[in-house]
Every structure is written in structure tokens, then in C-alpha cells.
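Encoded as C-alpha cells, the following chain is the form predicted alone, with no partner shown.
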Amino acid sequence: MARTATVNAPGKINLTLEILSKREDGYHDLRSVLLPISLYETVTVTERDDGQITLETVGEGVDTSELGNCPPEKNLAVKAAWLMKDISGTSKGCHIHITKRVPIGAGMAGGSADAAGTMEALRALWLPDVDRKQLVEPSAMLGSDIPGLLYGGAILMEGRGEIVTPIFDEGEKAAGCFWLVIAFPGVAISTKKVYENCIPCLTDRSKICDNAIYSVRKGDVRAACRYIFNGLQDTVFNQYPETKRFYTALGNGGALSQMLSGSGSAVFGLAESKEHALEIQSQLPEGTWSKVVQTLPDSVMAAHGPLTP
């Protein structure tokens, strides 16, 4: 019987996202407070003896039809598996099965979560003596959100995503989580297009970042509301007006504050509690894809078995 490992890989929101400058390599230098959330992709990896890497994806509450237009070799999870094969030097291959729950093109890093989950599952199978954090740097070759998601917990992301600093010290427990409502307009947004049209920050917003980090450490959602920021939001609202409609709906529903997640199109509204979040959700237009979730400030991914035949 082939060995297998399963990982529940969380999506994310960006509590803050500053676009600092455009780099010579075409990417942008960022500074972002990234928080994983309790909306998971489930990634199950099963070893193959023939060295091949194959992929199967099913949707659970989300539309995955768009993935049919993406060749498997361009899927981030498949790229992550080839990277792990190269790092480990194994002759083995694997079959990747993904249950997607994070909408595609929502700015919530569903594809990056798949890649991070694949790397963690294969670390457990092929590199059990290697600390997950040692894989953070090579994972940056695949995508900007993957290093932070692979590291786990609340992090400060800088550079183009490859510089990861944990917000909590090792072993430190968060004072609390944030409850929020996520609303997805049903429109998949091109991250590349958004970044091509955004204008980098013209003023230093480092105090926003510092204060946002402080609010996460204290579990103070009202403080967080004062400092959430997304430098891509105006660009996205101009290009995709429907995202602003859902942003406004969250505010009208009673959210303490609301913001675009990453490059969109999902928006989130912060709430006082789970009960408050459910009340906000109930005020959204009928038929809206929405979820009540909590942030996972000090949690990390872990593979579970069976790891042996």
C-alpha cells in the first residue's frame, strides 16, 4: 500500500497590504500582515513508484471549472511537488488530491495554500528530518504567498513575499483571534493585471503596519479596524466595481470595518464575535457566497497519516 499524507492548508487574508515599489524583475516590493484563516484546502498526497506527478481537484462549495483551462504542469501544487522531488532527490512521484474550499481568483491564496500543503505533505513523506521552515526560502520561487503560508501563523511578509517574520515568538500563544465575514462576488481577478495597474504607496505607512501587528498580538479587533489597509483596493474597485458593492454590503450589514483581501475579488468584514459575524452574514444579499471564519494567529500546518504502508 502506498504511503500517503494529508494536510489541511488554510487560506488567508491580508490585514494590511502595502505596495512599496516596483522591482527591476517586474515584481513589486510588498509589506503585509498576513493572517491564515479557518477556511481550508485539504491536500492528500499519495506516493507513486513511477516518478510521475498527477493531480485531481474537486470543489466543495466553490466553482472549480476554471481549473480545466489550466494545464496541470502550471498548477502551483504540481510545481510544488516537482520542487520537493528535486530537493529530496527521490525517484518517487506522487498523486495530489485537492479538495478546494477557497474560491479561485479571490485574493485568499487558495492556490498558494495548495502548494504549501503539498510541500508540507511531501516533507512528511520524503524529508521527515527537515524542519518545515527550511523550505520557506525555496518555496518563494513558486509564489509570493507560499512562504508565509508554509511558515504558518500570523506573519509579516516583505520583499515580494520571500521575507517572512513571525508576529509571535516561538511557543507564544495569541491573546485571541479575529472573527470575520468573507464575501466573494463570484468574479475571478487576475493578480497580474491588478499589479500592473496599481500605484505604489507614496507615503510611509510603516506605523499602520506596526499598529496592525500590535492589534494582532493583543487580539484587539477594534484596534485592528483602525489600521487595516490595502494598497490595491482602489485599483480593484475601479477595475471591478462589483467588488465595491460587496464591500459596501458588509458595512451596511454592521461590520466594524471592511477591506479587500489581497488582490481580490473577495472582501472581508471584521466582527466583534462569531455571533456578530453571523449577523453580518445574514444581512448580505441573497445568493452571496460568504463564510464566517476566524483568524489562526499561532497555528501551523501539520501532515497526518497514514505515513507508512
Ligand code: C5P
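Computed from a predicted structure; not experimentally measured. Residue numbers run from 1 along the displayed sequence.
As for the form predicted together with the named molecule, it is not shown, yet the points below apply to it.
Novice: Could you check which residue among G153, G105, G143, G231 gets a heavy atom within 4.5 Å of the named molecule in the predicted bound form?
Specialist: Contact residue from the list: G143.
Novice: Can you work out which of R205, R217, R160, H97 has a heavy atom no more than 4.5 Å from the named molecule in the predicted bound form?
Specialist: Exactly one residue meets the criterion: R160.
Novice: Identify whether the named molecule in the predicted bound form is within 4.5 Å of every residue in the set L30, K192 and Y195, based on non-hydrogen atoms.
Specialist: Yes, each of L30, K192 and Y195 comes within 4.5 Å of the named molecule in the predicted bound form.
Novice: Among 165-173, 88-96, 220-228, 143-151, which stretch has residues whose heavy atoms lie within 4.5 Å of the named molecule in the predicted bound form?
Specialist: Going by heavy atoms within 4.5 Å, the stretch is 143-151.
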